[in-house]
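Below you'll find only one chain, the form predicted alone, shown as structure tokens.
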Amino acid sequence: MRYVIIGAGVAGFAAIESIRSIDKTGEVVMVSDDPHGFYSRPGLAYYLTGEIDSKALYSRSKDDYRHLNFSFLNARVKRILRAEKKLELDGKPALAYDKLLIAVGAQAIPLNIAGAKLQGVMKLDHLTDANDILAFTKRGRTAVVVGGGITALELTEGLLARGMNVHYLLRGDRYWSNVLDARESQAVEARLQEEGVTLHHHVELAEIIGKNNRVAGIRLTDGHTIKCDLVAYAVGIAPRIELANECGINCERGILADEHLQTNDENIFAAGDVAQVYDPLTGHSVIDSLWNPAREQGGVAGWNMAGRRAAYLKSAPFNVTRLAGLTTTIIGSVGRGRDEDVMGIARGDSETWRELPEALVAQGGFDVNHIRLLIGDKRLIGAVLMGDQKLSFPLQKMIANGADISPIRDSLMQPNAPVADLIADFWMKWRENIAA
């Protein structure tokens, strides 16, 4: 049996671990055109700021790879030949497979404006992109960041940490308006401004101005110009479905996969950012661009590839990130629909976050610490925590398990309610009841 995984991200690596937990002897081959292999994509933010070096992006040792007994082939897959069960590779012999996992992730949606091909126009998809950005940064230069979500902020903070003067362009009236509420956006923006970022609201990029084929400035739709040396963008990502589409695998926005991560070809599976996975609990097929769902999907795909029937049951999506120095956890449905700064989904994002929940809102205070709860009839639908993270784990568990909060619902909705204290007390009692 030969298992082939296309892609070197966390979904592919988790699949190898699952395969090896069942099949110790089958051949496993990981194919990727990323020369850096498996590393932490979320860690790129801290690599950009200089808080970690490139070695810290690699969480696995040579012994880990040796134990899993797989081979890594640095190559670009040109086509999937389903009838022959082979991959056509660029510059290398064709590779046969018995079971195939497509885990090629997503790529940044390019800027579709004049000047987008100039030297100094940057994105942050991979480690190679991060290295290109670092090679271009110099203290005292000026950068412009365009886009929304977590990646745009990672770019802003990384460039700032490298001594650049940073302008951040926002099409709307505030940052990440479809996930954060006004107070949360304002807290992030205030911190960015304190750090020296120049924010521009209600503006739109019209053209990147070049000189000698390099970025020299930008022009906005209102005619204003800003001189700059670098333009970094994060306007959304698109799942890399080209290989699947070309060979007749069913796709919509991503590769359609059932709860077993299987496509319409019984020998081909999909997981991670490229996959649009069916959720039997809601009846919807959803794209997540989060590390944990990618890892879980890859793991379930690996089990099914190796013959163990297992279903991926989507839990409430959550992510712990840092927004302008504020540790922030986002869980479940918390949003307001569309974000003007992002086309579709963003990296580090979940479509579930963007849902418009029919819920009441309870909020705690905001100096450094803040909590916002989305409350349904009997359960918590979503939560945002900024600053103090002591309630992050309890809220993840309560939302994931559909805890009945009826006993404290009315209290939570009172003006100036001690939201954190109410949740902490309820968590202790609920946990004891579950254990009993």
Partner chain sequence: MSFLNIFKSDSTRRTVLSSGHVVPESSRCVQCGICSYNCPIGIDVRAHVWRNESVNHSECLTCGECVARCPRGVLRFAQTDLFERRES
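Residue numbers count along the first chain shown, from 1. Being a predicted model, the structure only gives us computed values, none of them experimental.
Another form, the form predicted in complex with the partner chain, is not on view; read the next lines as being about it.
Within 4.5 Å of the partner chain in the predicted bound form, counting heavy atoms only, one of 156 to 164, 315 to 323, 198 to 206, 280 to 288 shows up; tell me which.
Partner-contacting stretch among the options: 315 to 323.
Pick from 29, 52, 408, 400: which has a non-hydrogen atom within 4.5 Å of the partner chain in the predicted bound form?
Exactly one listed residue reaches within 4.5 Å, namely 52.
Can you pick the one in 171, 123, 295, 240 that has a heavy atom within 4.5 Å of the partner chain in the predicted bound form?
That would be 295.
Contact test in the predicted bound form: residue 58 vs the partner chain, heavy atoms, 4.5 Å:
Contact check for residue 58: yes, within 4.5 Å of the partner chain in the predicted bound form.
Contact flag, residue 369 vs the partner chain in the predicted bound form, heavy atom cut 4.5 Å:
Result no; residue 369 lies far from the partner chain in the predicted bound form.
Does residue 23 make contact with the partner chain in the predicted bound form, using a 4.5 Å heavy atom cut-off?
No - in the predicted bound form, heavy atoms of residue 23 and the partner chain never come within 4.5 Å of each other.
Within a 4.5 Å heavy atom cut-off, is residue 431 in contact with the partner chain in the predicted bound form?
Yes.
Who in 392 to 423 is close to the partner chain in the predicted bound form, meaning a heavy atom within 4.5 Å?
The stretch 392 to 423, when checked against the partner chain in the predicted bound form, contributes 392, 393, 394, 396, 420, 421 at the 4.5 Å heavy-atom cut-off.
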